[in-house]
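Consider the single chain below, provided in structure tokens and representing the form predicted on its own.
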């Protein structure tokens, strides 16, 4: 096997892994984009919402056994999707009881427009949810068991008798579900009356009020949808990645970087920002130790901030 074939195989393997992981990152970023982009709230608890989605999928499959009839191939992905309505209710109530008191029209005119209180509140929610989960679920790493996580499709040989690419089946199916969910969310935001009202509340809350839009309700729905979408991404990650109550911190920085890279306020841009991060993370392993994956992400982040402060897809942020 020639040296060129070895390099080509490594690059293609990294590209395939980056695309698959990037699609799931993109779904995470979509959830955060609805909260960070529409409400302008820096939510430190977003990683914990991801973690709750993981545990919901795990218990739906392992403990409750409600999805056992679907088998270990389909059940885990249905469990991930079912995390959406459960965490939607959680996010809706969380906003109704706590978050709305420091956001929206209530925060106008306060010191820092309420951002100081938002930071403390969401940090407190993060700590309470993470530590409460530690008490409730324990610290032992879990995973949603599926035989797909240990099997792969073999593509190739792509060049003579060489250059084989292996595609993990659990990641592949998770990425397809992520793409379908992302398309559905983008269509909802751009085509439905409710989605347009959410975008209007984000663009100009004062004008939205004059147009008869309940901005506080719009923010509550955006927060709930953002929580639900991130929970679905968590359920998908759980099919191939071990998790415990503090796993959220591993992903929350990635989510924020993806939202900013895509362009704050852009729903479709957030997904593409997450996809970009997945590609950079995996391609960086070709030249850097695996411990420096996140360093490569932040190098890219800094370059984008320097040369395109509005994000890679900032133009889309104006209308999408």
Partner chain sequence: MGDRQSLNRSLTAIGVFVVVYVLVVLLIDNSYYRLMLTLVPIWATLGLAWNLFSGYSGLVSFGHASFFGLGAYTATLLQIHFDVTFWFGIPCGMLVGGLAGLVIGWPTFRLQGVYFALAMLAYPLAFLYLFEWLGYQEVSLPMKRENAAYYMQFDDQRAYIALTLGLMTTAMLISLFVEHSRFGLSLVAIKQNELAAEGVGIDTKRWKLLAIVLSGTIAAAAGGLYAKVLLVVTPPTVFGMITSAQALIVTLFGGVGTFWGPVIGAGFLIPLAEILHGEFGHILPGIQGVTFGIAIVIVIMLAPEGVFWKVRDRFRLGEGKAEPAPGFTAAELAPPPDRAVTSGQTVLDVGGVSKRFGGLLALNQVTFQVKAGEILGIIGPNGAGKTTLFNVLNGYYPPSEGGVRFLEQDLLGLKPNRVCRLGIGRTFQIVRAFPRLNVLQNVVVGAFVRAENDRAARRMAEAAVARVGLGGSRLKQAGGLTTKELRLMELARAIAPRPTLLLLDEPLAGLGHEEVEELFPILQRLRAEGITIVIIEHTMQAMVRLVDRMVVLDHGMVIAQGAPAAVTRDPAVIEAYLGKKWAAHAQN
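Rigid core here is just the name for the largest C-alpha set that superposes within 1.5 Å across the two forms. Only a predicted model underlies this, so the values are computations on that prediction, with no experimental measurement involved. Residue numbers count along the first chain shown, from 1.
Omitted from view is the form predicted in complex with its partner chain, to which the following refers.
Exercise for review: Would you kindly say which of 125, 209, 164, 199 lies with a heavy atom within 4.5 Å of its partner chain in the predicted complex?
Suggested key: The option sitting close enough to the partner is 125.
Point to revise | Single option in 121, 179, 148, 186 placed near its partner chain in the predicted complex, where near means a heavy atom within 4.5 Å | key: The option sitting close enough to the partner is 121.
Check your understanding: Honest question, do 16, 19 and 195 all end up within 4.5 Å of its partner chain in the predicted complex by heavy atom distance?
Key -> None of them does, since no heavy atom lies within 4.5 Å of the partner.
Check your understanding: Any idea which of 222-230, 82-90, 168-176, 126-134 reaches within 4.5 Å of its partner chain in the predicted complex, heavy atoms considered?
Key -> Every other range fails; the passing one is 126-134.
Point to revise | Proximity of residue 216 to its partner chain in the predicted complex, heavy atoms at 4.5 Å | key: Flag for residue 216 set to no.
Check your understanding: Hey, in the predicted complex, is residue 294 touching its partner chain, heavy atoms inside 4.5 Å?
Key -> Result yes; residue 294 sits at the interface with its partner chain in the predicted complex.
Review point. In the predicted complex, does residue 116 have a heavy atom within 4.5 Å of its partner chain?
Key: Because a heavy atom of residue 116 falls inside 4.5 Å of its partner chain in the predicted complex, the answer is yes.
Exercise for review: Would you please decide whether residue 256 lies within 4.5 angstroms of its partner chain in the predicted complex, comparing each non-hydrogen atom pair?
Suggested key: The answer is yes: residue 256 has a heavy atom within 4.5 Å of its partner chain.
Point to revise | Contact set, 217-255 vs its partner chain in the predicted complex - heavy atom within 4.5 angstroms | key: If the 4.5 Å heavy-atom criterion is applied to its partner chain in the predicted complex, 217-255 yields 249, 250, 252, 253.
Practice item. For residue 297, decide whether the Cα shift between the shown form and the other one is 2 Å or greater, given a superposition on the rigid core. Key: It does, since the residue 297 C-alpha is displaced 2 Å or more between the shown form and the other one after the core fit.
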